[in-house]
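Let's start with one chain on its own, the form predicted alone, as structure tokens.
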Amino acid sequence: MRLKTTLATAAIATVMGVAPAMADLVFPGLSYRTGPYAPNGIPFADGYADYMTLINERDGGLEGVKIKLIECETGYNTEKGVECYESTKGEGSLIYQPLSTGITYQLIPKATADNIPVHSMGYGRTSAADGTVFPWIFNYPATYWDGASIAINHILDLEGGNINGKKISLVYHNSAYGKEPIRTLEELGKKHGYQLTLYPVDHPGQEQKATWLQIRRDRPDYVLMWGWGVMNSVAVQEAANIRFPMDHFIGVWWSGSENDVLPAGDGANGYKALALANPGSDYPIYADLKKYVHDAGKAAGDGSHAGEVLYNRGMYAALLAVEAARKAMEIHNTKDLTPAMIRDGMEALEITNETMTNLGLPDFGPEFKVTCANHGGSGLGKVQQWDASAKEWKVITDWIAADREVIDALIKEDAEAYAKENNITPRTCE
């Protein structure tokens, strides 16, 4: 009886010229608001959720279709992250953003088999930038290997283009995430003649005294950091304790939030980090967020993180997901999207300054274009520096390009090895 009633209702709606209600666009959010990585996970999750809410409240949804956000707590635990994926993929989930390199590695074969796209923005497996081997995985606008090269290029700029004989150290989270830049830094060391020293820090990173005492003995010219969560703030404090010159200490874009520097007070002054986009809240979109989300009592958190680096990054990740969905609607001439259509939208995505200006974020991030072969974007990044007196990040460079000669060769090598190991025949991109 219920089936007959439903069919009859649909028929009446068609006769009366009223289309049946469109299904929500489901965007799962693999977040972590608990555990040792919560201080970094919370602002990202808030920014991601608040942007989706803004689209619903201000615009009535994406092209009139409401967005449904399903948040699932991973605790930055790979096993829990996979469980979140398995428990939400049947809800009509269109795109996954794991916010964890470990989770991303586990989801690559699963999501590929399920034909659901994954966007690991500035993290995950760097060689997934090769769209011929990884058609369902994207990591635009830049990858970890880009980040390693950008950091070295910044040092080259500081040293007049010659770093032969310099000593560069990497302090890294002893996980798949932290190990990502090592091969790139080794190859760049061969090219530029610097000596690389590695310092792994075990999860969660609260004990680093021995590491920094060793750094004090080794006296490197520069220290790079691939850290996350409490590891970052501890490292900044320990660097300050040994009086390491903070302007020679450079973190990746996941080691450059307010949470990473505020605990060290004045000791963090001058510390640098890479940036995927600009910090701060001086953008038109924040007036809309205030009106439609925060003041309306619809914010995911208490609003205190708005404008912070990781809040902005979560918002940026949501924006790119929404724009990929918008592109998919254009390509397929429908608002009833599938994950495969979203994948097509991601692969045809082009973000220009005009795009970002129209979205209320002028000059916020880099221009980039995704293609069949290139899922990694432009590979650009900036360097920001912490001003302890003003308690804010200040961008000190323009966009810096990665060394494509080195990075692209490494991506090709790793992608080809992955294809061979997994019996994948790379697709042809025209």
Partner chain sequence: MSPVVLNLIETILNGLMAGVMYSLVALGFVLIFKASGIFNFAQGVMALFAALTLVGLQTGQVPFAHLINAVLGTNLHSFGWTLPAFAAVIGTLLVMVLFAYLFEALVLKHLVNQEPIILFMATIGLAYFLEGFGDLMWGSDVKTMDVGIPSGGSFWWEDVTLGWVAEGSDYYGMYIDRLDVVAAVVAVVLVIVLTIFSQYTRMGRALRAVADDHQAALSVGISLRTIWVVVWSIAGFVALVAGIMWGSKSGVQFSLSLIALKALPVLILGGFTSIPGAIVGGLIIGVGEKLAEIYVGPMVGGAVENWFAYVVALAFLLFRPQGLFGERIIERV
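Numbering follows the first chain given and starts at 1. Worth saying up front: this structure is predicted, and the values here are computed from it rather than measured.
Another form exists, predicted together with its partner chain; not displayed. Remarks below refer to it.
**Prompt:** 270, 75, 204, 360: which sits within 4.5 Å of its partner chain in the predicted bound form by any heavy atom?
**Reply:** Partner contact (heavy atom, 4.5 Å) among the options: 204.
**Message:** Please identify the residue among 305, 119, 125, 154 with any heavy atom within 4.5 Å of its partner chain in the predicted bound form.
**Reply:** After the contact test, the surviving option is 305.
**Message:** For the three residues 278, 355 and 374, which mark the spot I'm curious about, does each lie within 4.5 Å of its partner chain in the predicted bound form through at least one heavy atom?
**Reply:** Verified in the predicted bound form; spot residues all out of contact, no.
**Request:** Spot the stretch among 155 to 163, 127 to 135, 347 to 355, 261 to 269 with residues whose non-hydrogen atoms come within 4.5 Å of its partner chain in the predicted bound form.
**Result:** Stretch with heavy atoms near the partner: 261 to 269.
**Asked** Should residue 291 be classed as touching its partner chain in the predicted bound form when contacts are defined as heavy atoms within 4.5 Å?
**Response** Judged by the heavy-atom cut-off of 4.5 Å, residue 291 is well away from its partner chain in the predicted bound form.
**Message:** I'd like to know whether residue 298 contacts its partner chain in the predicted bound form, with contact meaning heavy atoms within 4.5 angstroms.
**Reply:** Flag for residue 298 set to no.
**Message:** Contact with its partner chain in the predicted bound form for residue 237, defined as at least one heavy atom pair within 4.5 Å: yes or no?
**Reply:** Output for residue 237 is yes: heavy atoms within 4.5 Å of its partner chain.
**its partner chain contact in the predicted bound form: residue 233, any heavy atom under 4.5 Å** = Residue 233: yes, in contact with its partner chain in the predicted bound form.
**Partner contacts for 342 to 371, taking its partner chain in the predicted bound form and a 4.5 Å heavy atom cut-off** = Nothing in this stretch is in contact.
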